Every structure is written in C-alpha cells, then in structure tokens.
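In the block that follows, a single chain appears as structure tokens, in the form predicted alone.
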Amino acid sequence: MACPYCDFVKRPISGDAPDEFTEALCREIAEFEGPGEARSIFFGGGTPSLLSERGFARIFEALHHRFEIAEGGSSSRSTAGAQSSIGRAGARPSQIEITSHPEITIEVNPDDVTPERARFWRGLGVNRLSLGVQSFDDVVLKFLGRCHDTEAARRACGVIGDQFENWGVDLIFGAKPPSAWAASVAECVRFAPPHVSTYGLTYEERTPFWKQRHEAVGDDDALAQYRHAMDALGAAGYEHYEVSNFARTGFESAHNLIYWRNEEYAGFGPGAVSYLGGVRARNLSRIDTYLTRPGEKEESLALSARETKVETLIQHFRTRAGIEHAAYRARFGSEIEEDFGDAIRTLAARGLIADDGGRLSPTRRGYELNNEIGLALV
C-alpha cells in the first residue's frame, strides 16, 4: 500500500517490481551521456527495497558498466530509481571528490528487512541503509497509513544495526497523536543509529491526505516537536548538521550533502531529477511512457547565473556549516555581500543567520524558519 501522504511517482504492485521497469532503468543508465565517475549512489524516492535480488543485481551491473564505482562492500566513510552524484573532468578538487569507496545507500521499509536481504545488499556493495521507521508508535503508524507496526520497526533496527556500521532512521513529526513523538525519539536513540532524519508531515495536494488537511497538527505543536527532537538528539550526541538531519560525527549523508552544496547529480527513473551543466531536468513521470522512453525529459530548465547563486545560498543555509565567504568567491568570482548584501543584513537582523567573519551560517532560529531565508534571498 502506498503511503497516503506521499506525492512521489508511484504505482501499486503485488510482488516484486516488474522486469520491464528494471530493464528500462538499466537502459537509461547505459545510455546516459555524461561524466563516468560516481561519487555516491542513492536508491530512493519510494520503496526500492521492493526490488528482488535479481533486479538489484541487474541495476548494479548496469551502474558498474556505466560508472567508475568501487567494487565490493565497505563500511568506510566515503539516487525514483537511483541517483548518482558525479564528477566532471577539470572540476575543482573542493567540488569533486572521487573516493575509493563511494557511499551507496538504499532506502528500505522495515517490513522488507530480513537478515538474508541485509547480507545480500551488503554483498552488492551497499554500505549505508536508510530505514523508514517514521514512528515507534502503532497508533501513529496507522494514522500515517504505514504497512509495518512497531515490532517490525524494532526488528529491522536490530537487523540493520548488526550488519551495517552506517545506517539511519527516518522519523515524521506532526502526525497524530502528537503526544507520541517524545517516546518515538527516545526509542530511536536507544537503537543508536549513526544518522537520524526528522521530517515534518506535509499534506500534499495530489495525495489522499489532502482531503484531511484541516485536521493537521497546529504549527505551534509541530514546532514544539521539532524543538524536542533538536534538544533530545543533541543531548544524545548527535550533530544537527542540516535542517532535518542529525548524525554522529563522520556519519553525515555524503550523498545528500551534494544537494545541499548545490553540486551536480544525475537522476535515473520515473520523475527523477538531474542537475548537470547548470540545467535542472526531470524525467517523464508517467510510468507507462517512461518504460518506452526512459531518460526522456518532461521539463528542463537552464538556470541563470543569478538563479544558481540564489539556490547555492539557499541550500548551504540548510546546513549548520553554512557557506564560507572564500568558497562563494572561488565558485562565483564575486562576494556574497556584493550579490546579496541587503538580504543578508536583513536575515542577520532577524537572527536567522550569523556571520563569524569567515562564514555565514543559520542560527537555531534560522533552522526553525528556514523557508524565510529562502524567501528573503529570492
């Protein structure tokens, strides 16, 4: 059953993902015209753990044929379908890092996790799992329309924790009942995943949840839950390194940091987004048409120099590290103050960003009102 709050490209199926989907995805990967080195790979955008072992093996074979990727599994620190962050020849070393063991992540649902499947994923070279727990409360899970229950979530955490050094748990705040949130965060901490993501529940127009948007948890209650996560996870030793993400030192998501630095990536699969050569493009979203024309774009936008600067700042201001003045100057040949002085001064006066002289970064209030930073820059 598809999650009623999710607006990803989706189609209900019974059993494994069909072979025709796997073959279309592999064809798109094989025909990709772009750089040949993969910095990271992320299987996400829905339920990749539905793929059979044969399907996963076929896709990994296609990726290895098309990209330079380290062989074998690794626990060392080093994307719908798959997404790859990629390297271009001649790029600055600070922008492109090709590692011997790229981070390879799969998003998985708790009810798809078994010791055997975990060993299979690891054997393929997967070295990071992202587990969609969402809550450790059965009432909340039922409200969210999840297929798994709390016991399945606990069992999956145990299996993954035994077999992977690098893994994370996704939680959703803003669901009902709000009173369950603190206990879910506490139980997550007890399993000690190196990475935790906390996302606010949204009511998207193209989802079943849209009809019940008037029942949504109030903004004050949702903010209180977010603040609780910041405090509880901080006290447990997690660094709040991005608006929605917390990690032990060294376990930040290398793949997602590509997005938050506004660097290049290639997306494969229905509705997948790519950002290459200053152009953002989206694949065909209708699965039927994707299967016959994989890789064809339904929209493509060449960003102007100004738009690229705006998006780069917006993305960096999602992270605790923010952006160094020197890094901006090296990338764009101009100063942040020169390009965005009025907006930066306004944001600083509102207490949303801070400037230590060498770096601009969001404050705690800037995390809580992060959309306001983007609006000011735009």
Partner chain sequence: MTTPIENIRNFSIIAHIDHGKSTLADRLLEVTKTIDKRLMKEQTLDSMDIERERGITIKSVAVRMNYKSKDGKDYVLNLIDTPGHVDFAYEVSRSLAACEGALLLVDATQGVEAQTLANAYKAIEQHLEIIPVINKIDLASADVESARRQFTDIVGLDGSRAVLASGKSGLGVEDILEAIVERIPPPKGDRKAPLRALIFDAVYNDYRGVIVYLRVVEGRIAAGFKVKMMSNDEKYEVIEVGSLTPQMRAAEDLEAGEVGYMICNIRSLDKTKIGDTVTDLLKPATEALPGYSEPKPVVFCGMYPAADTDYMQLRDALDRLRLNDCSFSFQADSSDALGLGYRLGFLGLLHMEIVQERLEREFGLTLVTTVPNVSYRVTLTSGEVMEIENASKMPPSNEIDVTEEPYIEADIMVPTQYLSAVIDLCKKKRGIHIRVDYIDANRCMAIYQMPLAEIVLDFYDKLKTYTRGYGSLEYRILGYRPGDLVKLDIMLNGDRVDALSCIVHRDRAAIVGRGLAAKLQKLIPRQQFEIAIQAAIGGKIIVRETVKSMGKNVTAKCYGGDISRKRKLLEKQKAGKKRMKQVGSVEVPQEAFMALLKVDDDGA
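Since this is a predicted model, take the numbers as computed values, not measurements. Residue numbers count along the first chain shown, from 1.
Form predicted together with its partner chain: not shown, discussed below.
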In the predicted complex, the residue from Y241, Y199, F191, F143 that sits within 4.5 Å of its partner chain by heavy atoms | Y199
If you check E296, E307, E151, D288 against its partner chain in the predicted complex, which one has a heavy atom within 4.5 Å?
-> E307
Heavy atom contact within 4.5 Å of its partner chain in the predicted complex, the stretch among 330 to 338, 309 to 317, 55 to 63, 26 to 34 | 309 to 317
Is L276 close enough to its partner chain in the predicted complex to count, meaning some heavy atom within 4.5 Å?
-> no
Give a yes/no on whether L369 approaches its partner chain to within 4.5 Å in the predicted complex, heavy atoms considered.
-> yes
Exercise: F173 in contact with its partner chain in the predicted complex, heavy atom 4.5 Å = yes
Heavy atom of A232 within 4.5 Å of its partner chain in the predicted complex = no
Contact check for E187, F251 and A354 against its partner chain in the predicted complex, heavy atom at 4.5 Å = no
Output the sequence-ordered list of residues from 244 to 269 with at least one heavy atom within 4.5 Å of its partner chain in the predicted complex.
-> S244, Y259, N262, Y265
